[in-house]
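Next comes just one chain, in structure tokens: the form predicted on its own.
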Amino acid sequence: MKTDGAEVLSKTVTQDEAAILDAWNAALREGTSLQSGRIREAELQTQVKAVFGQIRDALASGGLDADAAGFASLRETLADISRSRAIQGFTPTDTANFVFSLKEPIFDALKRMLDGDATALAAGVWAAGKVLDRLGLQTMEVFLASREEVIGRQGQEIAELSTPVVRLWDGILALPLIGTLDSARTGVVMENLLQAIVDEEAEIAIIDITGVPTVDTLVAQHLLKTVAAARLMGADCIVSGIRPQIAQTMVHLGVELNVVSKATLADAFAVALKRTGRKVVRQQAPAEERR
């Protein structure tokens, strides 16, 4: 007669619950979760008690399929824990160990409960491994997805912060670019610039690429898209910051920006002032101020 591993496991976690919880808490205290200071022991114990209770109830409903409806509440709890740990900066190892560190306490409990019954012990160990391995993988899947969301959101925020639009004068804006331009960042640059053109009623926008390491055909295309969008909003564009190395590269690649370009932002600003009918005049300070 075949031994029911699910029944053996369910009986063990129910009858030896206190010992398993103590051993699980001890294993987690020895890990790096508490030592990192990202979570308090009381909160960790609350999570342990809640997860263990749901594991016990799910096993009591029968079956070892962690994807079944009986494990739904447990999966939701573990998903919430994984998301919070991704935000708090836990490592993947710490997050995975929250589930996998339960293996040893359960295996020890099975040995105590089934001493002398090798068949039942093997069935219980197999059942525990199957359930906990699947739950651990699900936990890691949610953790990694949450980390990707966090990284993506941070990347977007950094991109927005790294593309400020500066008002140099009435009707004159400057957009200093730093780093490589890609499709995603071009969208942010274009959106920020167009909104600033509307808000400031700008006539000229200076795009400064001093901080762009290289300009190839792809970067040039992104610049041209930005220039074209600004022109549709009624603002002319001037590109500044083209260094000798970048100029040589663009010539070799046959890249043509088809827009007024200047070597420095100061030169571009002077052109912008001239186009808007303004000029900067140095005034001689009064004699009493020079003393």
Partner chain sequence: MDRIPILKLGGALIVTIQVDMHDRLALALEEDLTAMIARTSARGVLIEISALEIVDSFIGRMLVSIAAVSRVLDAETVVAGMRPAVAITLVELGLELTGIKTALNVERGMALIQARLSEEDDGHESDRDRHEN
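This is a predicted model, so every value here is computed, not measured. Numbering follows the first chain given and starts at 1.
Just so you know, the form predicted together with the partner chain exists too; it's not on screen, but the next bit is about it.
> Is it the case in the predicted bound form that I197, A202 and K225 each bring at least one heavy atom within 4.5 Å of the partner chain?
Yes, each of I197, A202 and K225 comes within 4.5 Å of the partner chain in the predicted bound form.
> Taking the partner chain in the predicted bound form as the reference, which of A27, L257, I246, M233 has a non-hydrogen atom within 4.5 Å?
The option sitting close enough to the partner is M233.
> Can you pick out, from D80, E191, E149, E141, the residue that has a heavy atom within 4.5 Å of the partner chain in the predicted bound form?
Contact with the partner chain in the predicted bound form is made by E191 alone.
> Quick one: is A229 in contact with the partner chain in the predicted bound form, heavy atoms, 4.5 Å cut-off?
Residue-level check for A229: yes, a contact with the partner chain.
> In the predicted bound form, which of 261 to 269, 65 to 73, 39 to 47, 233 to 241 comes within 4.5 Å of the partner chain (heavy atoms)?
Result of the contact check: 233 to 241.
> Which residues within 102 to 118 place at least one heavy atom within 4.5 Å of the partner chain in the predicted bound form?
Residues within 4.5 Å: none in this stretch.
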